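Listed next as structure tokens is one chain, alone, in the form predicted on its own.
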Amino acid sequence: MSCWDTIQAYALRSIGIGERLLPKSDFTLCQQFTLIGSGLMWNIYFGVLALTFGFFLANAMALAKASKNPWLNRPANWFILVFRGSPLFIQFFLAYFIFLRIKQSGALPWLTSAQAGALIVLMLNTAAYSAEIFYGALRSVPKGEVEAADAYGMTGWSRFIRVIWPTSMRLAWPAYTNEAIFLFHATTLVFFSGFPAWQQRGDALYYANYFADKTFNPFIAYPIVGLYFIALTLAITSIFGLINRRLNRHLPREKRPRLRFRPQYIR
């Protein structure tokens, strides 16, 4: 089988399109690149959806934490404490067994699948970290801008939407970019979380582990995963850089903050 035939057979295997059976012997570099790249689609799926829903939840939690109403700020503080204070790996396992109990009761059986259960855990985790970032940005909005909005007659929701929230996003965006990068890296933990892969359609690490077990050589498959995630990190940095440029378009070019990737080694 040529490399082109391999790509046609396995490029979309992780989403159920193409060859159903995994190769059993005579593993080629093309097969490993193709299947691991196919599995990366699931990592992108987890990252994009968790980041999207987590963004809105994080903004809500940040506003609740900033509120003077104890019925809002106390639950928000506890939510942030629980998900920032416990390891993501433990959250996956606890969530799986909780979802399994719910499934055994006859309700919501889909929660034990990685596509849904692991996605919920990632969304809640990134929402907690992002909420703390957005809360700090809200506290850092210059008072002069708020006073200027008051002078223009803006009050309440109008002042928040047109002045406070855009400014807080500009302040939070560099740190939020690093959170987004870490979230995509954290999607590899889904493989170890206990959430099952459906019909051998796993993520990038699932296929890398398969090849490492079959060839007894981890120094090919796992570096391939690393290369894919480096490329993914560069893509995320570029996309968030464009958004950052858009958010700061009113500033002179030399005063626009630049995005810098600062990896978090311990979470």
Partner chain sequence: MKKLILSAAALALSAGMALAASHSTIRMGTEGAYPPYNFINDKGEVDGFERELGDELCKRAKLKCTWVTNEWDSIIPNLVSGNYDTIMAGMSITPERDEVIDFTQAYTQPDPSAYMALSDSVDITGGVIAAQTNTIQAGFVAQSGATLVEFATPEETIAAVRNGEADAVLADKSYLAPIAAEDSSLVLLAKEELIGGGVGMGLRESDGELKAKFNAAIQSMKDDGTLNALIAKWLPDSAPF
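Numbering follows the first chain given and starts at 1. Values in this document were obtained by computation on a predicted structure and should not be read as measured data.
The form predicted in complex with its partner chain is left out here; the points below concern that form.
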- Checking 108, 100, 120, 161 against its partner chain in the model of the complex, the residue with a non-hydrogen atom inside 4.5 angstroms turns out to be 100
- In this chain shown alone, the residue from 52, 67, 28, 200 with a heavy atom within 4.5 Å of its partner chain in the model of the complex is 200
- Task: Establish, in the model of the complex, whether 112, 196 and 213 all lie within 4.5 Å of its partner chain, using non-hydrogen atoms for the distance.
- Result: yes
- Query: According to a 4.5 angstroms non-hydrogen atom cut-off, is residue 33 in contact with its partner chain in the model of the complex?
  - Reply: no
- Message: I'd like to know whether residue 20 contacts its partner chain in the model of the complex, with contact meaning heavy atoms within 4.5 angstroms.
- Response: yes
- Message: Quick check on residue 96: any heavy atom within 4.5 Å of its partner chain in the model of the complex?
- Response: yes
- Query: With the cut-off set at 4.5 Å between non-hydrogen atoms, does residue 155 touch its partner chain in the model of the complex?
  - Reply: no
